[in-house]
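Two forms of a single protein chain come next, each set out by itself as structure tokens; they are called structure 1 and structure 2.
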Structure 1
Amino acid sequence: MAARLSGGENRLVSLPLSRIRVIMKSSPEVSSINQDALFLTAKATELFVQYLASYSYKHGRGKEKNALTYSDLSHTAEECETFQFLADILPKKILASKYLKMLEKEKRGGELGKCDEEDDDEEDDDEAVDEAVGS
């Protein structure tokens, strides 16, 4: 097996290949998985996670606390263009009370601002027509 060195104890990848195989097979387009493709996917995933963690540690508060925290990861996902695709997976944590206040404010703002939203939509339509006419 490509995931082990000749000694058998030292592994070239840390992630379990069986789990990665299950994830890969969950795609309807995948019928069979080559052992080399499985190994390379595992190694690439491992290196990506390692890079994300080290980048988050260096650019977060990890050095101050000598630890990597979830907030460091979420801050990296939000601020670094390379990792922005993870923003939905690593959202910033907020307290439930803050979330409820946000929902309440949104609910009140949504009821009062419906006319404003319609005006904004009309302005956007006008801009789109102007651009189409100008070209």
Structure 2
Amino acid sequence: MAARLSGGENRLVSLPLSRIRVIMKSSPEVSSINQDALFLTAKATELFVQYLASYSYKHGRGKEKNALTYSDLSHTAEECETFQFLADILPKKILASKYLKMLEKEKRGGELGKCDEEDDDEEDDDEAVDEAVGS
């Protein structure tokens, strides 16, 4: 958390405030942000990046190989409550063949309604499946 020195000037935050502001303003309900709030959000994002990286490294399997991998991160998003909001953008990787088998099983077992968090009806389910397999 030490201030970084660059060009003889104290740099409290390394992420560009202008970019942080663009991201903040991209949410439609936000009208204006004062300079302190902007600075704090940038700084918090830095802390977040460090926390996410070190947490995932400590709890991940890449540790033995001296590496931080994607699966360490998706594991964190899945396991740690605080990082749960990342689950959608850090999905667990899975082989397409395995996924298809899982679907087969689910169809037979008729358990499709199990994950009812965001699905309103079965059509939504089908869409989600297409996307996941295609990517």
Partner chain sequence: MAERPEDLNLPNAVITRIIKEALPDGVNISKEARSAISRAASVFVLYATSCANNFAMKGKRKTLNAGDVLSAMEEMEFQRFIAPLKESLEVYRREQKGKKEARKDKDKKADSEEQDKSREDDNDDDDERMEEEEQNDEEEVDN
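When a residue number appears, read it as a position in the sequence of structure 1, where counting begins at 1. Predicted model, so just to flag it, every value in this text is computed and none were measured. Only the largest set of C-alpha atoms that superpose within 1.5 Å between the two forms is called the rigid core.
The form predicted on its own appears here as structure 1; structure 2 is the other form of the chain. The two forms line up on their rigid core, and K101 then has its Cα shifted by 5.4 Å between the two structures.
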